[in-house]
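Below sits a lone chain in C-alpha coordinates, taken as the form predicted alone.
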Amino acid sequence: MEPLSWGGIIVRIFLQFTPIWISLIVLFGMSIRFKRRLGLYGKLFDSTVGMIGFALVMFWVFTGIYAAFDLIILNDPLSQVSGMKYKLPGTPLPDGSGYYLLGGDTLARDVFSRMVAGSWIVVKIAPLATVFAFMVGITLGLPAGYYGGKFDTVLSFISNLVLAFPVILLFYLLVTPEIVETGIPAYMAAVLFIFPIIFLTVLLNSRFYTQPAKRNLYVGVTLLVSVTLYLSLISEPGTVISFVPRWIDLFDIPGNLLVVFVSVVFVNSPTVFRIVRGLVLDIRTRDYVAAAQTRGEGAWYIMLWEILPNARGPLIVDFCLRIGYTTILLGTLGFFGLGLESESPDWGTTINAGRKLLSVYPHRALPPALALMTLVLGLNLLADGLREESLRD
(Lines give C-alpha, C1' and ligand atoms only; values in the text may rest on other atoms or scores of the structure.)
Protein backbone atom coordinates (compact mmCIF):
# COMPACT_ATOMS: atom_id res chain seq x y z
CA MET A 1 0.00 0.00 0.00
CA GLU A 2 1.25 3.44 -0.93
CA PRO A 3 1.11 6.40 1.49
CA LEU A 4 -1.89 8.66 1.03
CA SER A 5 -1.61 12.16 -0.37
CA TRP A 6 -3.05 15.06 1.61
CA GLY A 7 -6.11 14.99 -0.62
CA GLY A 8 -6.63 11.31 0.11
CA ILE A 9 -6.15 11.90 3.85
CA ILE A 10 -8.77 14.66 3.91
CA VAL A 11 -11.26 12.55 1.94
CA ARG A 12 -10.80 9.54 4.21
CA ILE A 13 -11.16 11.65 7.37
CA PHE A 14 -14.31 13.22 5.93
CA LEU A 15 -15.76 9.79 5.14
CA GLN A 16 -14.78 8.49 8.57
CA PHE A 17 -16.97 11.20 10.10
CA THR A 18 -19.98 10.22 7.97
CA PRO A 19 -22.19 9.26 10.98
CA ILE A 20 -21.50 12.70 12.46
CA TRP A 21 -22.43 14.56 9.27
CA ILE A 22 -25.68 12.59 9.09
CA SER A 23 -26.45 13.32 12.76
CA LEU A 24 -25.78 17.04 12.30
CA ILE A 25 -27.99 17.22 9.20
CA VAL A 26 -30.86 15.45 11.00
CA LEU A 27 -30.45 17.57 14.15
CA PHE A 28 -30.35 20.87 12.27
CA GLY A 29 -33.18 19.85 9.95
CA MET A 30 -35.52 18.92 12.80
CA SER A 31 -34.52 21.93 14.89
CA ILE A 32 -35.10 24.44 12.08
CA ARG A 33 -38.36 22.73 11.15
CA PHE A 34 -39.79 23.06 14.67
CA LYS A 35 -37.80 26.04 15.95
CA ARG A 36 -40.89 28.12 16.77
CA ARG A 37 -41.96 25.46 19.27
CA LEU A 38 -38.56 25.07 20.95
CA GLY A 39 -38.32 28.31 22.93
CA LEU A 40 -34.86 29.82 23.37
CA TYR A 41 -33.22 26.81 21.73
CA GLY A 42 -35.33 27.33 18.61
CA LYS A 43 -34.52 31.04 18.52
CA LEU A 44 -30.83 30.10 18.44
CA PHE A 45 -31.30 29.16 14.79
CA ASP A 46 -32.13 32.77 13.98
CA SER A 47 -28.55 33.69 14.90
CA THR A 48 -25.79 32.86 12.41
CA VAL A 49 -23.13 33.04 15.09
CA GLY A 50 -25.15 30.80 17.39
CA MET A 51 -25.72 28.23 14.64
CA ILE A 52 -22.01 28.07 13.82
CA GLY A 53 -21.13 27.65 17.48
CA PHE A 54 -23.82 25.02 17.96
CA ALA A 55 -22.57 23.10 14.91
CA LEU A 56 -18.99 23.06 16.25
CA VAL A 57 -20.10 21.95 19.70
CA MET A 58 -22.42 19.23 18.45
CA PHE A 59 -19.75 17.98 16.05
CA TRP A 60 -17.52 17.13 19.00
CA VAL A 61 -20.43 15.89 21.11
CA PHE A 62 -21.42 13.42 18.40
CA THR A 63 -17.75 12.54 17.88
CA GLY A 64 -17.38 11.71 21.56
CA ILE A 65 -20.58 9.65 21.66
CA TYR A 66 -19.72 7.65 18.54
CA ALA A 67 -16.14 7.22 19.75
CA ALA A 68 -17.47 5.63 22.94
CA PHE A 69 -19.04 2.91 20.77
CA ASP A 70 -15.96 2.60 18.48
CA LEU A 71 -17.98 3.69 15.45
CA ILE A 72 -15.46 6.17 14.01
CA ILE A 73 -12.18 5.07 15.62
CA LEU A 74 -9.85 3.34 13.17
CA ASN A 75 -7.41 1.79 15.65
CA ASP A 76 -7.12 1.23 19.38
CA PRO A 77 -5.92 4.60 20.76
CA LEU A 78 -3.72 2.79 23.31
CA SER A 79 -2.26 0.08 21.05
CA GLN A 80 1.29 0.39 19.71
CA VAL A 81 2.10 -0.84 16.22
CA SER A 82 5.68 -1.79 15.52
CA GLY A 83 7.33 0.43 12.92
CA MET A 84 4.75 3.24 13.15
CA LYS A 85 6.67 5.50 15.55
CA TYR A 86 6.82 9.10 14.26
CA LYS A 87 5.25 8.05 10.96
CA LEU A 88 3.82 10.85 8.83
CA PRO A 89 0.09 11.29 8.11
CA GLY A 90 -1.27 8.82 5.58
CA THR A 91 1.25 6.07 6.33
CA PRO A 92 -0.18 2.55 5.78
CA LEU A 93 0.02 -0.06 8.52
CA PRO A 94 2.66 -2.79 8.07
CA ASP A 95 -0.01 -5.48 7.66
CA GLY A 96 -1.88 -3.41 5.06
CA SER A 97 -5.10 -3.31 7.11
CA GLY A 98 -5.41 0.46 7.09
CA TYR A 99 -3.68 3.79 7.61
CA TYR A 100 -2.54 6.14 10.32
CA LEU A 101 -4.46 9.05 8.84
CA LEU A 102 -2.75 11.65 11.05
CA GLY A 103 0.45 9.73 11.62
CA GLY A 104 1.97 7.99 14.63
CA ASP A 105 3.10 9.43 17.95
CA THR A 106 6.12 8.79 20.16
CA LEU A 107 4.82 5.34 21.16
CA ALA A 108 3.63 4.37 17.66
CA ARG A 109 -0.05 5.00 18.44
CA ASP A 110 -2.62 6.36 15.99
CA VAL A 111 -2.91 10.15 16.44
CA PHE A 112 -6.29 10.30 14.68
CA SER A 113 -7.82 7.62 16.90
CA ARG A 114 -6.41 9.25 20.03
CA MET A 115 -7.84 12.63 19.01
CA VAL A 116 -11.28 11.10 18.43
CA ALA A 117 -11.16 9.07 21.66
CA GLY A 118 -10.09 12.18 23.58
CA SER A 119 -13.32 13.93 22.64
CA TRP A 120 -15.31 11.40 24.69
CA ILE A 121 -13.31 12.27 27.81
CA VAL A 122 -14.24 15.94 27.39
CA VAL A 123 -17.88 15.18 26.56
CA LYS A 124 -18.41 12.97 29.59
CA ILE A 125 -16.65 15.21 32.13
CA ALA A 126 -17.01 18.89 31.20
CA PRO A 127 -20.83 19.24 30.73
CA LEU A 128 -21.81 16.97 33.64
CA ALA A 129 -19.31 18.55 36.03
CA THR A 130 -20.62 21.97 35.01
CA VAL A 131 -24.20 20.82 35.70
CA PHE A 132 -23.18 19.70 39.20
CA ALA A 133 -21.40 23.01 39.79
CA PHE A 134 -24.57 24.87 38.78
CA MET A 135 -26.64 22.68 41.11
CA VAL A 136 -24.37 23.65 44.01
CA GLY A 137 -24.23 27.33 43.02
CA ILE A 138 -27.98 27.65 42.47
CA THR A 139 -28.94 25.78 45.64
CA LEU A 140 -26.80 28.10 47.75
CA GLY A 141 -27.07 31.29 45.68
CA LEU A 142 -30.87 31.48 45.64
CA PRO A 143 -31.42 31.64 49.44
CA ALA A 144 -28.30 33.76 49.93
CA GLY A 145 -29.61 36.44 47.58
CA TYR A 146 -33.24 36.11 48.63
CA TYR A 147 -32.82 36.12 52.41
CA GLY A 148 -29.56 38.05 52.79
CA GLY A 149 -28.39 38.59 56.35
CA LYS A 150 -25.86 36.42 58.14
CA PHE A 151 -26.54 33.43 55.88
CA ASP A 152 -25.56 35.48 52.85
CA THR A 153 -22.53 36.92 54.66
CA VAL A 154 -21.15 33.52 55.64
CA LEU A 155 -21.64 31.95 52.20
CA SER A 156 -20.22 34.99 50.44
CA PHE A 157 -17.15 34.90 52.68
CA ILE A 158 -16.55 31.21 51.94
CA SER A 159 -17.06 31.84 48.24
CA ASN A 160 -14.62 34.75 48.22
CA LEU A 161 -12.14 32.65 50.21
CA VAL A 162 -12.13 29.95 47.53
CA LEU A 163 -11.99 32.49 44.71
CA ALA A 164 -9.01 34.19 46.35
CA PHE A 165 -6.83 31.29 45.18
CA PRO A 166 -5.74 31.28 41.52
CA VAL A 167 -8.03 28.80 39.76
CA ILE A 168 -5.27 26.84 38.06
CA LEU A 169 -3.23 26.58 41.27
CA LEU A 170 -6.27 25.42 43.25
CA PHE A 171 -7.06 22.87 40.57
CA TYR A 172 -3.51 21.54 40.63
CA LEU A 173 -3.53 21.21 44.40
CA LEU A 174 -6.74 19.18 44.39
CA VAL A 175 -5.48 16.60 41.88
CA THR A 176 -1.95 16.10 43.22
CA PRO A 177 -1.31 12.55 44.51
CA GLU A 178 -0.47 13.81 48.02
CA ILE A 179 -3.88 15.47 48.40
CA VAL A 180 -5.68 12.47 46.86
CA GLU A 181 -4.06 10.10 49.36
CA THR A 182 -5.49 12.11 52.27
CA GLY A 183 -9.02 11.31 51.09
CA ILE A 184 -9.99 14.99 50.82
CA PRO A 185 -11.44 14.67 47.28
CA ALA A 186 -13.60 11.72 48.41
CA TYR A 187 -15.02 13.71 51.32
CA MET A 188 -15.57 16.68 49.00
CA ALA A 189 -17.50 14.40 46.63
CA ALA A 190 -19.70 13.23 49.52
CA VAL A 191 -20.58 16.87 50.30
CA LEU A 192 -20.86 18.35 46.80
CA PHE A 193 -22.82 15.50 45.25
CA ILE A 194 -25.61 15.84 47.80
CA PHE A 195 -26.63 19.24 46.43
CA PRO A 196 -28.37 17.87 43.30
CA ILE A 197 -30.52 15.73 45.61
CA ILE A 198 -31.42 18.78 47.69
CA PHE A 199 -32.12 20.87 44.60
CA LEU A 200 -34.41 18.31 42.91
CA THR A 201 -36.25 17.49 46.13
CA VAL A 202 -36.94 21.12 47.00
CA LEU A 203 -37.87 21.86 43.37
CA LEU A 204 -40.56 19.17 43.26
CA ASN A 205 -41.76 19.80 46.81
CA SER A 206 -42.29 23.51 46.16
CA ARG A 207 -44.01 22.88 42.83
CA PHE A 208 -46.49 20.26 44.06
CA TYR A 209 -46.82 21.42 47.67
CA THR A 210 -50.59 21.93 47.30
CA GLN A 211 -50.99 18.44 45.75
CA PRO A 212 -49.76 16.06 48.48
CA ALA A 213 -50.36 12.84 46.52
CA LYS A 214 -48.29 13.94 43.51
CA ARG A 215 -45.70 15.59 45.75
CA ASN A 216 -45.11 12.45 47.80
CA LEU A 217 -44.88 10.26 44.71
CA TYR A 218 -42.51 12.50 42.79
CA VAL A 219 -40.33 13.32 45.77
CA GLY A 220 -40.20 9.67 46.85
CA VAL A 221 -39.15 8.42 43.41
CA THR A 222 -36.62 11.23 43.06
CA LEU A 223 -35.07 10.48 46.44
CA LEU A 224 -34.90 6.75 45.73
CA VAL A 225 -33.16 7.19 42.39
CA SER A 226 -30.92 10.10 43.34
CA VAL A 227 -29.76 8.61 46.67
CA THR A 228 -28.90 5.33 44.96
CA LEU A 229 -26.89 7.17 42.31
CA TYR A 230 -25.30 9.31 45.02
CA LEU A 231 -24.11 6.29 46.99
CA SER A 232 -22.77 4.70 43.81
CA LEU A 233 -20.88 7.88 42.93
CA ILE A 234 -19.18 8.43 46.26
CA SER A 235 -18.41 4.77 47.03
CA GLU A 236 -15.15 3.41 45.71
CA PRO A 237 -13.58 0.14 46.97
CA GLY A 238 -10.24 0.69 48.65
CA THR A 239 -10.88 4.37 49.42
CA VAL A 240 -11.98 6.23 52.54
CA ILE A 241 -15.62 5.85 51.48
CA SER A 242 -16.18 2.14 50.86
CA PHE A 243 -18.85 1.30 53.42
CA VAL A 244 -21.72 1.22 50.91
CA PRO A 245 -23.03 -2.35 50.37
CA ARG A 246 -22.05 -3.84 47.05
CA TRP A 247 -25.66 -4.41 45.99
CA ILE A 248 -26.30 -0.65 46.21
CA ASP A 249 -23.05 0.35 44.48
CA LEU A 250 -24.30 0.09 40.90
CA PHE A 251 -21.10 1.28 39.23
CA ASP A 252 -17.55 2.32 40.00
CA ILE A 253 -15.87 5.48 38.75
CA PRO A 254 -12.06 5.34 38.43
CA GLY A 255 -10.54 7.25 41.33
CA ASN A 256 -8.56 9.64 39.14
CA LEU A 257 -11.63 10.50 37.08
CA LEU A 258 -13.66 11.16 40.24
CA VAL A 259 -10.92 13.44 41.58
CA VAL A 260 -10.91 15.51 38.38
CA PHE A 261 -14.71 15.66 38.38
CA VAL A 262 -14.89 16.81 42.00
CA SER A 263 -12.16 19.38 41.42
CA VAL A 264 -14.06 20.90 38.49
CA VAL A 265 -17.26 21.12 40.55
CA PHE A 266 -15.49 22.67 43.53
CA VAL A 267 -13.60 25.25 41.48
CA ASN A 268 -16.65 26.38 39.48
CA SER A 269 -19.28 26.37 42.24
CA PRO A 270 -18.24 29.64 43.99
CA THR A 271 -18.37 31.58 40.72
CA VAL A 272 -21.82 30.22 39.91
CA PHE A 273 -22.93 31.05 43.46
CA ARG A 274 -21.89 34.69 43.03
CA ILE A 275 -23.63 34.99 39.67
CA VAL A 276 -26.87 33.49 40.99
CA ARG A 277 -26.74 35.61 44.14
CA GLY A 278 -26.27 38.79 42.12
CA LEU A 279 -29.17 37.94 39.82
CA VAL A 280 -31.46 37.19 42.77
CA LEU A 281 -30.58 40.47 44.46
CA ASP A 282 -31.81 42.26 41.35
CA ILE A 283 -34.84 40.11 40.48
CA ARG A 284 -36.28 39.86 44.01
CA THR A 285 -37.33 43.53 43.77
CA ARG A 286 -39.49 42.94 40.67
CA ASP A 287 -43.27 43.30 40.74
CA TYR A 288 -44.01 39.66 39.90
CA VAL A 289 -42.02 38.55 42.95
CA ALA A 290 -44.04 40.92 45.14
CA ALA A 291 -47.22 39.56 43.55
CA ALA A 292 -46.16 35.98 44.39
CA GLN A 293 -45.44 37.01 47.97
CA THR A 294 -48.86 38.65 48.17
CA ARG A 295 -50.50 35.41 46.99
CA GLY A 296 -48.86 33.67 49.93
CA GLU A 297 -46.43 31.55 47.92
CA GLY A 298 -43.59 29.91 49.84
CA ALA A 299 -40.06 31.29 49.68
CA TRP A 300 -38.65 28.30 47.78
CA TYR A 301 -41.51 28.40 45.28
CA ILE A 302 -40.73 32.05 44.58
CA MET A 303 -37.00 31.38 44.27
CA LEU A 304 -37.31 28.32 42.03
CA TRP A 305 -40.42 29.09 39.98
CA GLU A 306 -40.49 32.89 39.82
CA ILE A 307 -36.90 34.14 40.14
CA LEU A 308 -34.84 31.31 38.61
CA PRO A 309 -36.76 31.11 35.28
CA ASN A 310 -36.29 34.85 34.82
CA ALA A 311 -32.55 34.48 35.39
CA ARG A 312 -32.18 31.70 32.80
CA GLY A 313 -30.67 33.90 30.08
CA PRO A 314 -27.44 34.88 31.88
CA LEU A 315 -27.18 31.44 33.47
CA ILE A 316 -27.45 29.58 30.16
CA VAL A 317 -24.80 31.83 28.63
CA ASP A 318 -22.50 31.33 31.59
CA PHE A 319 -23.13 27.57 31.45
CA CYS A 320 -21.81 27.41 27.88
CA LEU A 321 -18.79 29.56 28.71
CA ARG A 322 -18.06 27.51 31.82
CA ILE A 323 -18.00 24.28 29.84
CA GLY A 324 -15.34 25.95 27.69
CA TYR A 325 -13.34 26.93 30.78
CA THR A 326 -13.63 23.37 32.06
CA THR A 327 -12.43 21.99 28.73
CA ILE A 328 -9.37 24.22 28.92
CA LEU A 329 -8.75 23.12 32.52
CA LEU A 330 -8.95 19.46 31.54
CA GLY A 331 -6.54 20.08 28.68
CA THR A 332 -4.16 21.91 31.00
CA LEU A 333 -4.26 19.09 33.54
CA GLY A 334 -3.53 16.52 30.85
CA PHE A 335 -0.70 18.66 29.48
CA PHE A 336 1.01 18.67 32.87
CA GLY A 337 0.26 15.00 33.52
CA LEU A 338 -2.11 15.58 36.43
CA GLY A 339 -5.44 13.97 37.21
CA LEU A 340 -5.90 11.48 34.36
CA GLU A 341 -3.81 8.43 33.51
CA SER A 342 -0.50 9.01 31.76
CA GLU A 343 -1.68 6.92 28.77
CA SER A 344 -5.03 8.69 28.54
CA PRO A 345 -5.95 9.84 25.01
CA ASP A 346 -7.28 13.16 26.33
CA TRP A 347 -6.24 16.15 24.27
CA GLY A 348 -3.96 17.73 26.87
CA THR A 349 -1.92 14.55 27.30
CA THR A 350 -1.68 14.08 23.54
CA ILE A 351 -0.52 17.67 23.02
CA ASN A 352 2.12 17.27 25.69
CA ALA A 353 3.35 14.01 24.15
CA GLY A 354 3.82 15.72 20.78
CA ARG A 355 5.27 19.06 21.83
CA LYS A 356 8.93 18.01 22.20
CA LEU A 357 9.49 17.49 18.49
CA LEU A 358 6.86 19.95 17.32
CA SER A 359 9.14 21.62 14.75
CA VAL A 360 9.95 18.24 13.15
CA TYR A 361 6.71 16.28 13.59
CA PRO A 362 3.86 18.81 14.02
CA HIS A 363 1.23 16.21 13.08
CA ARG A 364 1.33 14.72 16.61
CA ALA A 365 0.36 17.86 18.56
CA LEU A 366 -1.61 19.96 16.08
CA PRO A 367 -4.76 17.73 15.66
CA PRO A 368 -5.66 17.61 19.39
CA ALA A 369 -4.75 21.30 19.75
CA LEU A 370 -7.08 22.21 16.88
CA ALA A 371 -9.79 19.96 18.35
CA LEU A 372 -9.53 21.75 21.71
CA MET A 373 -9.53 25.14 20.02
CA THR A 374 -12.58 24.44 17.84
CA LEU A 375 -14.64 23.07 20.74
CA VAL A 376 -13.91 26.08 22.96
CA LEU A 377 -14.52 28.42 20.01
CA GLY A 378 -17.85 26.72 19.37
CA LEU A 379 -18.89 27.10 23.00
CA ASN A 380 -17.99 30.80 22.96
CA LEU A 381 -19.91 31.39 19.73
CA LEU A 382 -22.86 29.43 21.11
CA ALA A 383 -22.82 31.59 24.24
CA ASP A 384 -22.77 34.74 22.08
CA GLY A 385 -25.74 33.48 20.08
CA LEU A 386 -27.69 32.59 23.21
CA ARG A 387 -26.87 35.97 24.77
CA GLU A 388 -28.11 37.74 21.64
CA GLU A 389 -31.37 35.79 21.55
CA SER A 390 -31.97 36.00 25.31
CA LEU A 391 -31.77 39.78 25.15
CA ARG A 392 -34.52 39.76 22.52
CA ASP A 393 -36.63 37.37 24.59
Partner chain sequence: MGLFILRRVGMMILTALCLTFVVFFLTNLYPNLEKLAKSQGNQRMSDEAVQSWLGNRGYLQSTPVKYGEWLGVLPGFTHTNDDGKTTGRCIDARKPVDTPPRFCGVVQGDWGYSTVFKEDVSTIIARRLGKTGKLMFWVMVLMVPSALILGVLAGMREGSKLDRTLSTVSITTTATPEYVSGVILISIFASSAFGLKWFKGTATSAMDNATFENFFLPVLTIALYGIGYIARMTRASMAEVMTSQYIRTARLKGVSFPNIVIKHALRNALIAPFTVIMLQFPWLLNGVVIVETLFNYKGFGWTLVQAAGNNDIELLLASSVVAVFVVLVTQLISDVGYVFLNPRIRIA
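Keep in mind that what you see is a predicted model, and the values were worked out from it rather than measured. Numbering follows the first chain given and starts at 1.
The discussion below concerns the form predicted together with its partner chain, not included here.
Among the residues 288, 187, 165, 305, the one placing a heavy atom within 4.5 Å of its partner chain in the predicted bound form is 165. At a distance of at most 4.5 angstroms from its partner chain in the predicted bound form, all three residues 331, 336 and 377 contribute at least one non-hydrogen atom. For residue 35, no non-hydrogen atom is located within 4.5 Å of its partner chain in the predicted bound form, even though that partner is not displayed. Not displayed here, its partner chain is kept clear of residue 42 by more than 4.5 Å at the level of heavy atoms in the predicted bound form. In the predicted bound form, residue 67 stays away from its partner chain, with no heavy atom inside 4.5 Å.
Mapping the unseen interface onto this chain, residue 360 counts among the residues with a heavy atom inside 4.5 Å of its partner chain in the predicted bound form.
Stretch 175-183 is the answer when you ask which of 192-200, 308-316, 175-183, 215-223 has residues with heavy atoms within 4.5 Å of its partner chain in the predicted bound form. Contacts with its partner chain in the predicted bound form, taken as any heavy atom within 4.5 Å, map within 369-386 to 369, 370, 372, 373, 376, 377, 380, 381, 384.
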